[in-house]
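We begin with a single chain expressed as structure tokens, specifically the form predicted alone.
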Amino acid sequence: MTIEEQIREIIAKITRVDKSIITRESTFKEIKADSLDVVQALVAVEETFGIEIPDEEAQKFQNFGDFVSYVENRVAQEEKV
């Protein structure tokens, strides 16, 4: 399972939406994720991948694709260390 698929699973579970509607262009608002859902998703992703996502970075995410790209980059950086 790719990083994107894992994150999609996490968000779908938290927001209780069908994961098929979550695309890279989807905004959190479009998938009906409120601020608590977003925080829960961030925490779950941090725990799943062993990374930390600073609040100032998380606020820059415009859509699901931004979130996935950030996590993919962070995981790649961690693997290099």
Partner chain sequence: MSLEGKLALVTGSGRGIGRAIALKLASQGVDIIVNFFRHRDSAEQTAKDIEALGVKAEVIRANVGDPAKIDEMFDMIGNKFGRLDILISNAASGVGRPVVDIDVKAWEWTMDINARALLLCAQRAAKLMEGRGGKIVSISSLGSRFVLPNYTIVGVSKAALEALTRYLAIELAPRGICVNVVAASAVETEALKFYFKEGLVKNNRQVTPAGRMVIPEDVANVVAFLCSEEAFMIRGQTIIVDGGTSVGLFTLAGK
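Positions refer to the first chain, counted from 1. Remember, it's a predicted structure, so these values are computed and weren't measured experimentally.
What comes next is about the form predicted in complex with its partner chain, which does not appear here.
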| item | value |
| --- | --- |
| 4.5 Å heavy atom contact, S26 and its partner chain in the model of the complex | no |
| Distance check, L42 to its partner chain in the model of the complex, heavy atom within 4.5 Å | yes |
| D37 within 4.5 Å of its partner chain in the model of the complex, heavy atoms | yes |
| Close approach of E30 to its partner chain in the model of the complex, 4.5 Å, heavy atom | no |
| Residues in 40-56 close to its partner chain in the model of the complex, defined by a heavy atom within 4.5 Å, in order | Q40, L42, V43, E46, E47, E52, I53, P54, D55, E56 |
